[in-house]
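Read the single chain below, which is given as structure tokens and is the form predicted on its own.
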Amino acid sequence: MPGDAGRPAALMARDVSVRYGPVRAVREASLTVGAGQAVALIGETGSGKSSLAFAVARLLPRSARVTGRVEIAGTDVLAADWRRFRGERARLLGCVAQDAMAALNPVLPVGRQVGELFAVHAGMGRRQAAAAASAALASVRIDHPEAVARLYPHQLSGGMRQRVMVAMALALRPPLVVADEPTTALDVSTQAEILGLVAELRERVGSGLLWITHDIGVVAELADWAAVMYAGRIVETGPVEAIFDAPAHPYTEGLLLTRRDLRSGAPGSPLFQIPGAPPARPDEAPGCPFMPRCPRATAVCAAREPPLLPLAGRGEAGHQAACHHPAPPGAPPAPAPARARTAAP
């Protein structure tokens, strides 16, 4: 994956698995975010993308069992002493949550919450931290930041609260920022503003970005690289242009067909749907978890799960897919079974 060769990767995750009791939510996932790069982790609800992101940040509950290796800017996250890592986490990564109202402390003014980062981690005094907090709020295009700093989260709009979260995530210029679907609850115009803001600040600060989303349309606007998750595994990864122009995995094809119908389908025409549903326990069956929903499935798909491998004949370096029958470059999208389409209204 491209990145700043002069700096260590913002994130290197290798063979990460997350288990909740008997259920494996993430299965041997490997992911790299280069220094200063934006990587989108795509998948529908339940695919394991948030579990992977929370494992990277060591924010999962103690009942979760995490294995594998995670490094943020060269720091071994999973092997680090918990108390020491908790004190260093804000310097290593910033987090932008999906629900800013739930993430922010409801009984503290937002300026004080931003200022605590500078007081605790940069050793600033009260006045200096307050000034730094106002500057951080101004950097995310909040007008009258000194006045807004005195307000409580419930006194702000959803877009303003999300701007505060972005300001906190980037305040200490961490090497990595993890954003877990932060625009989902916002209206379309506010989503566009937040996306543009994050892209601008990421380039200015130089942080790597891991953007978690189920909206593949966001990916083209924000990311350099993409990884598609299904049933706890990364099933396709590569440069965004390669995945959009020539998807190899049938699940990725389905996501792109859905986006195509939403953007350019005729009014009243049926929308494409991927048939069926993800497996509840993908590690129980020996074959490919996507096999029951796949239009290209054969006997080998039921017999063994395909590994994630480089795609032969592809011009883009790094494009990989976990599929026994990946689509060849330039092939039309896999046809949709009749049951995969809704009835016309």
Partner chain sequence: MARAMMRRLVFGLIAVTGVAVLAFLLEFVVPGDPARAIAPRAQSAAVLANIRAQLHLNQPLVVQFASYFGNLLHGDLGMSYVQRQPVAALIGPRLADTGALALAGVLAEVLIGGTLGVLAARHDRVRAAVGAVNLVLLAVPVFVLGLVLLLVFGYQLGLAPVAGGAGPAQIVLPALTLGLIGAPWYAQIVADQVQEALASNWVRTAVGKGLRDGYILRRHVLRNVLSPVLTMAGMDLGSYLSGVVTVEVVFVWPGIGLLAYNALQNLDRPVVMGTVIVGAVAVVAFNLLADLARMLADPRAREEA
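Numbering follows the first chain given and starts at 1. This structure is a prediction, so every number in the text was calculated from the model and none was measured.
Another form exists, predicted in complex with its partner chain; not displayed. Remarks below refer to it.
- Leu59 is the sole member of Val300, Leu59, Ala285, Ala64 with a non-hydrogen atom lying within 4.5 angstroms of its partner chain in the model of the complex.
- When its partner chain is considered in the model of the complex, only one residue from Ser139, Gln113, Gln191, Thr213 comes within 4.5 Å through any heavy atom, namely Gln113.
- No member of the trio His144, Val198 and Arg202 reaches its partner chain in the model of the complex with any non-hydrogen atom inside 4.5 Å.
- Its partner chain is not drawn, but in the model of the complex it has no heavy atom within 4.5 Å of Gly125.
- Mapping the unseen interface onto this chain, His121 counts among the residues with a heavy atom inside 4.5 Å of its partner chain in the model of the complex.
- The shortest heavy atom separation between Leu108 and its partner chain in the model of the complex is within 4.5 Å.
- Gln155 belongs to the set of residues with a heavy atom inside 4.5 Å of its partner chain in the model of the complex.
- Judged by heavy atoms within 4.5 Å of its partner chain in the model of the complex, the contact stretch among the candidates 222-230, 203-211, 86-94, 250-258 is 86-94.
- Of all the residues from 32-56, the single one having a non-hydrogen atom no more than 4.5 Å from its partner chain in the model of the complex is Phe54.
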